[in-house]
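Okay, so here's just one chain, in structure tokens, the form predicted on its own.
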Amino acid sequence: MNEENFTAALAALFSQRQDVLTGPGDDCAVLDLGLPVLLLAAVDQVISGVHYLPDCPPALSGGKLLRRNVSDIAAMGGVPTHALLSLAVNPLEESWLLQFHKAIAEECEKYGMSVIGGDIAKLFTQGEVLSLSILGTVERDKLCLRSNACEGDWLYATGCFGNSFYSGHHLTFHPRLAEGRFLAGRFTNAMQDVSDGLLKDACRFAASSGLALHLDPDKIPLRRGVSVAHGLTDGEDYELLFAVSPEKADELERSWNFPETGLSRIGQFQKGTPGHVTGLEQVDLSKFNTGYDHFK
């Protein structure tokens, strides 16, 4: 099953109310309820044996679940506010559940969020399926969408890429919330987080904007010992990709005030087949998937 084609077909099944400004296809849905700010909504999950190893401590799996949802809010230029939890767990151990929820509570304190409800059920196979729905807000002039990149815009990235899972980064990352707020409305209104792989998510970004993309593999920031191919395809990085006009690029680089977060200009949006990427002809991707496929 082709993930991109199937999810596009699913999205076409659902009619949208007039208050849905952006529906399926971006990091968050965007609702316009006639308020001074827009409402953001998203849902994501982590599964034992898929997103973390079965012996992972509940505090780490809980922290990852919360932060990966916060990363979606960051990509929209927003602020997270509320969350709902839905858990299916086997065995139903009170100590495990308490540690998990304590980690969620501690993460929520960091971001000023409230957990406002949820559900717990027994899973009749070993392991856990952990789901979180997140709500947030964003000012109208700060809203960032994947579809807002323009021809000629530079593609920038925060942080570095590759070997997230085995290095442990996927359990300890920090969502680029402050960076997203700094960028939104001032330097960009086109942004996306990277979870399924730099190449795959960059292709989605370009396709949503109806543009092609030229990537410069020499400019892609990599974790120590990581090849360009792995940096492009490993996934679980939780960094931001964003489009910046040439007129604002120099100012952005001068005013970047996040010394612990790298900033790299890695490509440029171009006229061409939507989602088509050039510049990687010398990178051997023959043994790699383009990124994580949720249906394989």
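Small disclaimer: the values here were computed from a predicted structure and weren't measured. Each residue number is its position in the shown sequence, starting from 1.
Beyond the structure shown, there is the form predicted in complex with a further copy of the same chain, which is absent from this document and is the topic of what follows.
With a further copy of the same chain omitted here, the record of contacts in the model of the complex names 39 to 47 of 55 to 63, 235 to 243, 39 to 47, 253 to 261, defined by a heavy atom within 4.5 Å.
Site annotation in the model of the complex: the residue of Leu145, Met113, Val138, Leu215 reaching within 4.5 Å of a further copy of the same chain with a heavy atom is Met113. In the model of the complex, none of the heavy atoms of Ala178 sits within 4.5 Å of a heavy atom of a further copy of the same chain.
Contact annotation: Ile120 falls within 4.5 Å of a further copy of the same chain in the model of the complex, judged by heavy atom distances. Of the heavy atoms in Lys102, some are within 4.5 Å of a further copy of the same chain in the model of the complex. a further copy of the same chain is not drawn, but in the model of the complex it has a heavy atom within 4.5 Å of His82. The three residues Leu183, Ser227 and Ser286 each lack any heavy atom within 4.5 Å of a further copy of the same chain in the model of the complex. In the model of the complex, the residues of 28 to 43 lying within 4.5 Å of a further copy of the same chain by at least one heavy atom are, in order, Ala29, Leu31, Leu33, Gly34, Leu35, Leu39, Ala41, Ala42, Val43.
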